[in-house]
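The chain that follows stands alone, in the form predicted alone, written as C-alpha coordinates.
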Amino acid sequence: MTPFELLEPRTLREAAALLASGDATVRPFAGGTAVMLMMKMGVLRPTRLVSLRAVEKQYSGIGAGADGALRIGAMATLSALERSPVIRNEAPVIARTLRTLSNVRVRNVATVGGHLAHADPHMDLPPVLIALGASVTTVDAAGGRTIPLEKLYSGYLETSLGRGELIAEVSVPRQAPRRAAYLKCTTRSADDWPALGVAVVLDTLRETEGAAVREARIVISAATDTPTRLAKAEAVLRGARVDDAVLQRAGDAAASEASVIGDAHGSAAYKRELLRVYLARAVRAALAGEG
(Lines give C-alpha, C1' and ligand atoms only; values in the text may rest on other atoms or scores of the structure.)
Protein backbone atom coordinates (compact mmCIF):
# COMPACT_ATOMS: atom_id res chain seq x y z
CA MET A 1 0.00 0.00 0.00
CA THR A 2 1.48 3.34 -1.03
CA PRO A 3 1.91 6.19 1.52
CA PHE A 4 -0.91 8.73 1.77
CA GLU A 5 -1.91 11.83 3.73
CA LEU A 6 -4.98 11.61 5.97
CA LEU A 7 -7.20 14.69 6.33
CA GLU A 8 -9.94 14.95 8.97
CA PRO A 9 -12.37 17.81 8.24
CA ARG A 10 -14.98 18.72 10.86
CA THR A 11 -17.90 19.29 8.49
CA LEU A 12 -19.26 17.40 5.52
CA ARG A 13 -19.16 20.52 3.37
CA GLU A 14 -15.49 21.03 4.21
CA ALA A 15 -14.84 17.42 3.19
CA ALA A 16 -16.65 18.02 -0.10
CA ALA A 17 -14.48 21.08 -0.76
CA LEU A 18 -11.31 19.05 -0.19
CA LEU A 19 -12.50 16.43 -2.66
CA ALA A 20 -13.35 19.09 -5.26
CA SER A 21 -9.73 20.25 -5.44
CA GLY A 22 -9.25 18.67 -8.87
CA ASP A 23 -6.73 16.08 -7.69
CA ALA A 24 -8.02 12.74 -9.00
CA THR A 25 -6.00 10.81 -6.41
CA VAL A 26 -7.95 12.22 -3.43
CA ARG A 27 -10.61 9.85 -2.08
CA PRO A 28 -13.22 10.04 0.72
CA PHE A 29 -12.96 7.57 3.59
CA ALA A 30 -15.84 6.60 5.90
CA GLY A 31 -15.87 3.02 7.25
CA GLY A 32 -13.12 2.05 4.84
CA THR A 33 -14.30 -1.52 4.29
CA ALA A 34 -14.08 -1.15 0.50
CA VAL A 35 -11.44 1.57 0.14
CA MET A 36 -8.84 -0.23 2.25
CA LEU A 37 -9.28 -3.50 0.38
CA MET A 38 -8.90 -1.71 -2.95
CA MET A 39 -5.79 0.06 -1.70
CA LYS A 40 -4.24 -3.19 -0.49
CA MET A 41 -4.89 -4.75 -3.89
CA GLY A 42 -3.35 -1.74 -5.65
CA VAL A 43 -6.60 -0.84 -7.42
CA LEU A 44 -6.61 2.55 -5.65
CA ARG A 45 -3.45 4.53 -4.90
CA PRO A 46 -4.63 7.79 -3.37
CA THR A 47 -2.18 10.45 -2.26
CA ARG A 48 -4.78 11.76 0.20
CA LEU A 49 -7.70 10.25 2.09
CA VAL A 50 -10.40 12.58 3.39
CA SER A 51 -11.81 10.98 6.53
CA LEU A 52 -15.50 11.62 7.23
CA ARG A 53 -15.47 10.27 10.76
CA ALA A 54 -15.29 13.67 12.49
CA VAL A 55 -18.10 15.38 10.55
CA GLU A 56 -21.32 16.57 12.20
CA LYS A 57 -23.16 13.95 14.29
CA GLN A 58 -26.41 14.75 12.50
CA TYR A 59 -25.16 12.66 9.59
CA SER A 60 -25.12 9.56 11.80
CA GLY A 61 -28.76 9.87 12.84
CA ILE A 62 -31.68 7.57 12.05
CA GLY A 63 -35.23 8.87 12.41
CA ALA A 64 -38.74 8.93 11.01
CA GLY A 65 -41.18 11.73 10.24
CA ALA A 66 -44.83 11.87 11.25
CA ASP A 67 -45.71 9.94 8.08
CA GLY A 68 -43.22 7.17 8.87
CA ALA A 69 -40.79 8.21 6.14
CA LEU A 70 -37.22 7.43 7.17
CA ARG A 71 -34.28 9.82 7.24
CA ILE A 72 -30.97 8.01 7.52
CA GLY A 73 -27.68 9.86 7.89
CA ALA A 74 -24.98 8.74 5.48
CA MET A 75 -22.53 8.12 8.34
CA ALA A 76 -24.87 5.73 10.18
CA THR A 77 -23.30 2.30 10.32
CA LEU A 78 -25.03 -0.74 8.90
CA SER A 79 -25.13 -2.25 12.41
CA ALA A 80 -26.88 0.85 13.75
CA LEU A 81 -29.40 0.50 10.93
CA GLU A 82 -29.90 -3.19 11.71
CA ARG A 83 -30.52 -2.55 15.42
CA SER A 84 -32.65 0.58 15.04
CA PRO A 85 -36.23 0.16 16.36
CA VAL A 86 -37.28 2.89 13.93
CA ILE A 87 -36.09 0.80 10.98
CA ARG A 88 -37.70 -2.35 12.35
CA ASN A 89 -41.03 -0.57 12.81
CA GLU A 90 -41.19 1.44 9.58
CA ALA A 91 -39.20 -0.67 7.08
CA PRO A 92 -38.69 -4.19 8.44
CA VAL A 93 -37.45 -5.40 5.04
CA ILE A 94 -34.31 -3.30 5.58
CA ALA A 95 -33.60 -4.83 8.99
CA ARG A 96 -34.20 -8.32 7.61
CA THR A 97 -31.85 -7.69 4.67
CA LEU A 98 -29.05 -6.58 6.97
CA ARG A 99 -28.97 -9.91 8.81
CA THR A 100 -27.07 -11.52 5.93
CA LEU A 101 -25.31 -8.44 4.55
CA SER A 102 -21.66 -9.41 4.84
CA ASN A 103 -20.68 -10.14 8.48
CA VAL A 104 -21.08 -8.31 11.76
CA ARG A 105 -17.47 -7.03 11.75
CA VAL A 106 -18.07 -5.28 8.44
CA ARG A 107 -21.51 -4.00 9.47
CA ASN A 108 -20.03 -2.48 12.62
CA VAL A 109 -17.84 -0.06 10.63
CA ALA A 110 -19.35 0.20 7.12
CA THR A 111 -21.57 3.24 6.62
CA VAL A 112 -24.81 3.65 4.69
CA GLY A 113 -23.38 6.39 2.48
CA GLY A 114 -20.25 4.42 1.66
CA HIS A 115 -22.28 1.29 0.96
CA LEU A 116 -24.42 3.15 -1.57
CA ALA A 117 -21.65 5.23 -3.14
CA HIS A 118 -19.30 2.27 -3.70
CA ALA A 119 -21.65 1.14 -6.50
CA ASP A 120 -20.68 -2.51 -6.51
CA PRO A 121 -23.73 -4.23 -8.05
CA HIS A 122 -23.43 -7.09 -5.53
CA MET A 123 -24.40 -4.80 -2.63
CA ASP A 124 -27.61 -5.83 -0.86
CA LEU A 125 -29.17 -2.53 0.25
CA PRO A 126 -29.41 -0.65 -3.08
CA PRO A 127 -32.05 -2.93 -4.66
CA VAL A 128 -34.12 -2.89 -1.46
CA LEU A 129 -33.97 0.89 -1.09
CA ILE A 130 -34.69 1.47 -4.79
CA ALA A 131 -37.73 -0.82 -4.58
CA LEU A 132 -38.96 1.20 -1.60
CA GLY A 133 -38.56 4.44 -3.59
CA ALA A 134 -35.59 5.91 -1.71
CA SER A 135 -33.67 9.04 -2.65
CA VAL A 136 -30.35 10.50 -1.52
CA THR A 137 -29.53 14.09 -0.62
CA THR A 138 -26.00 15.23 -1.36
CA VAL A 139 -23.66 17.97 -0.17
CA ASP A 140 -21.03 19.77 -2.23
CA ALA A 141 -19.15 23.04 -1.97
CA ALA A 142 -21.98 24.93 -3.68
CA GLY A 143 -24.96 23.32 -1.93
CA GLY A 144 -26.35 19.94 -2.89
CA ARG A 145 -29.24 18.14 -4.55
CA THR A 146 -31.69 15.26 -4.16
CA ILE A 147 -31.39 12.23 -6.46
CA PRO A 148 -33.74 9.24 -6.74
CA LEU A 149 -31.53 6.31 -5.73
CA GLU A 150 -32.29 4.44 -8.95
CA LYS A 151 -30.70 7.37 -10.84
CA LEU A 152 -27.50 7.27 -8.75
CA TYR A 153 -25.89 4.33 -10.54
CA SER A 154 -24.38 4.83 -13.99
CA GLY A 155 -22.22 1.71 -14.40
CA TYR A 156 -20.07 -0.87 -12.65
CA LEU A 157 -18.51 0.95 -9.65
CA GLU A 158 -19.74 4.22 -11.18
CA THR A 159 -22.27 6.78 -9.94
CA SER A 160 -23.69 10.09 -11.09
CA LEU A 161 -22.04 11.87 -8.13
CA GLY A 162 -19.77 14.71 -9.17
CA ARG A 163 -16.25 15.26 -7.87
CA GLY A 164 -16.59 16.83 -4.47
CA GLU A 165 -20.18 15.60 -4.04
CA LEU A 166 -20.96 13.41 -1.03
CA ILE A 167 -24.09 11.58 0.08
CA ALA A 168 -25.42 13.29 3.20
CA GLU A 169 -28.73 11.57 3.87
CA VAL A 170 -31.02 8.85 2.57
CA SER A 171 -34.81 9.32 2.55
CA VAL A 172 -37.00 6.21 2.41
CA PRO A 173 -40.81 6.20 2.18
CA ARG A 174 -42.53 4.13 4.85
CA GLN A 175 -42.90 0.49 3.87
CA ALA A 176 -46.44 -0.04 5.22
CA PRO A 177 -49.01 -0.80 3.97
CA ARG A 178 -46.89 -2.16 1.15
CA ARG A 179 -45.48 -5.66 1.41
CA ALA A 180 -41.80 -6.22 0.74
CA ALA A 181 -39.15 -8.90 0.59
CA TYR A 182 -35.53 -9.30 -0.42
CA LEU A 183 -34.04 -12.66 -1.33
CA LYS A 184 -30.53 -13.43 -2.47
CA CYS A 185 -28.84 -16.54 -3.76
CA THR A 186 -25.27 -17.10 -2.67
CA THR A 187 -22.95 -19.85 -3.86
CA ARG A 188 -21.22 -20.12 -0.49
CA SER A 189 -22.22 -18.81 2.97
CA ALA A 190 -25.47 -16.89 3.54
CA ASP A 191 -23.57 -13.61 4.07
CA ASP A 192 -21.43 -13.95 0.96
CA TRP A 193 -21.71 -11.82 -2.19
CA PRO A 194 -24.90 -12.85 -3.99
CA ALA A 195 -25.07 -14.43 -7.42
CA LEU A 196 -28.47 -12.72 -7.58
CA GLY A 197 -30.47 -10.40 -5.36
CA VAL A 198 -34.19 -9.72 -5.86
CA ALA A 199 -36.13 -7.00 -4.04
CA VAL A 200 -39.92 -6.86 -4.38
CA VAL A 201 -42.33 -4.23 -3.02
CA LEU A 202 -46.03 -4.81 -3.59
CA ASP A 203 -49.03 -2.56 -3.08
CA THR A 204 -51.93 -4.99 -2.72
CA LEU A 205 -55.69 -4.64 -2.51
CA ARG A 206 -57.44 -5.22 0.80
CA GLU A 207 -57.88 -8.84 1.83
CA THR A 208 -61.64 -8.56 1.35
CA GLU A 209 -61.02 -7.78 -2.32
CA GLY A 210 -58.68 -10.72 -2.88
CA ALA A 211 -54.90 -11.01 -3.10
CA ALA A 212 -54.49 -8.83 -6.17
CA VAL A 213 -51.47 -6.62 -6.82
CA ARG A 214 -52.22 -2.96 -7.40
CA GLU A 215 -48.63 -1.91 -8.05
CA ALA A 216 -45.29 -3.69 -8.02
CA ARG A 217 -41.66 -2.59 -7.89
CA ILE A 218 -39.04 -5.22 -8.70
CA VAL A 219 -35.30 -4.54 -8.54
CA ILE A 220 -32.48 -7.02 -9.11
CA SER A 221 -28.78 -6.81 -8.33
CA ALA A 222 -25.59 -8.87 -8.75
CA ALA A 223 -26.77 -10.27 -12.10
CA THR A 224 -26.50 -6.86 -13.79
CA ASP A 225 -23.94 -4.03 -13.89
CA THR A 226 -26.20 -1.79 -11.79
CA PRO A 227 -29.27 -2.36 -9.61
CA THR A 228 -32.02 -2.66 -12.21
CA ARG A 229 -35.81 -2.23 -12.12
CA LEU A 230 -37.72 -4.75 -14.21
CA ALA A 231 -40.61 -2.82 -15.75
CA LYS A 232 -41.94 -5.68 -17.87
CA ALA A 233 -42.11 -8.05 -14.92
CA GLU A 234 -43.80 -5.30 -12.87
CA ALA A 235 -46.39 -4.90 -15.63
CA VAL A 236 -47.20 -8.63 -15.53
CA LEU A 237 -47.95 -8.42 -11.81
CA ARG A 238 -49.84 -5.13 -11.95
CA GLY A 239 -53.56 -5.77 -11.50
CA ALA A 240 -53.09 -9.55 -11.36
CA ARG A 241 -54.08 -12.11 -8.77
CA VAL A 242 -50.90 -13.99 -7.99
CA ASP A 243 -50.81 -17.66 -8.94
CA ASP A 244 -48.27 -20.02 -10.48
CA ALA A 245 -49.12 -18.97 -14.04
CA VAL A 246 -48.73 -15.26 -13.29
CA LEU A 247 -45.43 -15.86 -11.53
CA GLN A 248 -44.14 -17.89 -14.45
CA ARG A 249 -45.03 -15.08 -16.87
CA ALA A 250 -43.38 -12.52 -14.58
CA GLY A 251 -40.24 -14.66 -14.33
CA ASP A 252 -40.07 -15.11 -18.09
CA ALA A 253 -40.52 -11.36 -18.59
CA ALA A 254 -37.76 -10.63 -16.08
CA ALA A 255 -35.34 -13.12 -17.66
CA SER A 256 -35.90 -11.68 -21.14
CA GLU A 257 -35.77 -8.06 -19.98
CA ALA A 258 -32.66 -8.02 -17.77
CA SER A 259 -29.19 -7.58 -19.27
CA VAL A 260 -27.76 -10.42 -17.21
CA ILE A 261 -23.99 -10.83 -16.94
CA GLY A 262 -21.92 -13.72 -15.69
CA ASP A 263 -19.12 -13.57 -13.13
CA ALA A 264 -17.34 -15.76 -10.60
CA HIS A 265 -20.68 -16.39 -8.87
CA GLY A 266 -22.37 -17.89 -11.92
CA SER A 267 -22.80 -17.72 -15.68
CA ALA A 268 -25.35 -15.45 -17.33
CA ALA A 269 -27.50 -18.46 -18.25
CA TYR A 270 -27.40 -19.73 -14.67
CA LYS A 271 -28.36 -16.33 -13.26
CA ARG A 272 -31.20 -15.99 -15.75
CA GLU A 273 -32.70 -19.23 -14.44
CA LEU A 274 -32.11 -18.06 -10.88
CA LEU A 275 -34.05 -14.92 -11.70
CA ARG A 276 -37.10 -16.90 -12.78
CA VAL A 277 -37.03 -18.92 -9.56
CA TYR A 278 -36.15 -16.19 -7.09
CA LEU A 279 -38.60 -13.65 -8.46
CA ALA A 280 -41.47 -16.06 -7.76
CA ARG A 281 -40.09 -16.80 -4.28
CA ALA A 282 -39.65 -13.10 -3.47
CA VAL A 283 -43.21 -12.25 -4.55
CA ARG A 284 -44.60 -15.05 -2.40
CA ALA A 285 -42.41 -13.99 0.52
CA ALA A 286 -43.66 -10.42 0.25
CA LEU A 287 -47.31 -11.53 0.13
CA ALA A 288 -46.71 -13.75 3.15
CA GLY A 289 -45.31 -10.81 5.10
CA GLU A 290 -41.86 -12.31 5.45
CA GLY A 291 -40.10 -9.01 4.67
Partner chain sequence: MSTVQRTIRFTLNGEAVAADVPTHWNVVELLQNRFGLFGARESCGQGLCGCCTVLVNGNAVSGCLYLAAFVHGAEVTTIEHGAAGRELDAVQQAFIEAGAFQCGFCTPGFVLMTRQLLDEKPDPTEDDIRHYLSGNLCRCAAYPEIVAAVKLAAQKRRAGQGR
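Predicted model only: the values in this text are computed from it and were never measured. Residue numbers count along the first chain shown, from 1.
Beyond the structure shown, there is the form predicted together with the partner chain, which is absent from this document and is the topic of what follows.
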query: From the list 108, 171, 154, 89, which entry has a heavy atom within 4.5 Å of the partner chain in the predicted bound form?
result: 108
- request: May I ask you to choose, among 118, 83, 71, 163, the residue with a heavy atom within 4.5 Å of the partner chain in the predicted bound form?
  value: 83
field: Stretch from 37-45, 260-268, 228-236, 241-249 whose residues place a heavy atom within 4.5 Å of the partner chain in the predicted bound form
entry: 37-45
query: Are all three of 3, 99 and 191 close to the partner chain in the predicted bound form, meaning a heavy atom of each within 4.5 Å?
result: yes
Heavy atom of residue 29 within 4.5 Å of the partner chain in the predicted bound form: yes
- prompt: Applying a 4.5 Å heavy atom distance criterion, does residue 103 contact the partner chain in the predicted bound form?
  reply: yes
query: Would residue 60 count as a contact of the partner chain in the predicted bound form, using a 4.5 angstroms cut-off between non-hydrogen atoms?
result: no
query: Within a 4.5 Å heavy atom cut-off, is residue 224 in contact with the partner chain in the predicted bound form?
result: no
Any residue of 261-278 that, in the predicted bound form, places a heavy atom within 4.5 Å of the partner chain: none
